[in-house]
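Just one chain follows, in the form predicted on its own, and it is written as structure tokens.
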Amino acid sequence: MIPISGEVKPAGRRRRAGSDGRFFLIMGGISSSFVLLIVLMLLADLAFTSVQDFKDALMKPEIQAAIWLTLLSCTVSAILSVWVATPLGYVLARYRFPGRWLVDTLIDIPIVLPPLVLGLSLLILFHLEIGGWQLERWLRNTFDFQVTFAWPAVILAQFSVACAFAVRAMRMTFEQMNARAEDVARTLGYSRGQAFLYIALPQAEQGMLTALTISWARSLGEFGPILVFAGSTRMKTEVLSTTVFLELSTGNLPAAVAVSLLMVFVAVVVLIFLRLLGSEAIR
């Protein structure tokens, strides 16, 4: 008998169910390999250290100073990143101008450049002599202000990478916003600057908060540029990422793992906050 159109034979349904089962088994097995690796690494860190090791590490004055410098530098770096990324992301999202592709490419360089190379480039920038003039020497002589191998170098190293991520976040934010409201405001007498300040900027608050959080998290994990450009002097330029390096170099593995777990905890908090921001944006 010829089956009625749209009717599926039970045997065909069973074959399809079996095929779907194999599909999900294969895809789940491949996908879970990376998730399993992350879970195993975290479990290994937790199994290696103890609560007492964690307390001992946090009681060290050097690590306490590193925590405070990390919080301060990440916050300043994130604020600077959003301050620069908001107008830059707006210009890239709204306007087409000669050399736009070049600007877009240059912004991505800190993202793809090896971290050590970025730190070396910053070091050369401040110490390169051109006709007897040097940026670091000029800052010291003019403003009595040291950048290299001091705390400002930590912020600058973090900012040089974090700002690139903030620009991407802000550009995406403005691209997803309808520019019609700004155009209407301009027909009513608003200038471009007023349309940006009073129309576009209030709508971009969610994106700015996301960019701030991403910048802060990226600054937290920065290591290579800080090590090369700011150094890892205890009680001076040491942050949590370089603390792990210093504790490893002195053979204090329990303290290194304890600080690593602290950074993991902070990263998880930041990621959860980002997920909540995304959920609010969808609503």
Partner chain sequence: MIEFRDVIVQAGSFRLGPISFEILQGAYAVLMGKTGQGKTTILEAICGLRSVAGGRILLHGEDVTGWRPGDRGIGYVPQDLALFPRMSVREHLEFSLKLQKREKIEIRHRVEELSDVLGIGHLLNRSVQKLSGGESQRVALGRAISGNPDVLLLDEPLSALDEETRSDVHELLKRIHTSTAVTTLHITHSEREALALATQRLELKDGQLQVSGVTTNAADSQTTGVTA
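Note that the structure is predicted; figures quoted are calculated from it, not measured. Numbering follows the first chain given and starts at 1.
Form predicted in complex with its partner chain: not shown, discussed below.
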- Partner contact check in the predicted bound form: of 147-155, 83-91, 101-109, 185-193, the stretch with a heavy atom within 4.5 Å of its partner chain is 185-193
- Task: Note which of Leu212, Ile199, Ala169, Leu118 lies within 4.5 Å of its partner chain in the predicted bound form, where distance is taken over heavy atoms; exactly one does.
- Result: Ile199
- Identify which of Ala181, Leu113, Leu125, Leu72 has a heavy atom within 4.5 Å of its partner chain in the predicted bound form; exactly one of them does. Ala181
- Query: Is Glu205 one of the residues lying within 4.5 Å of its partner chain in the predicted bound form, judged by heavy atom distances?
  - Reply: yes
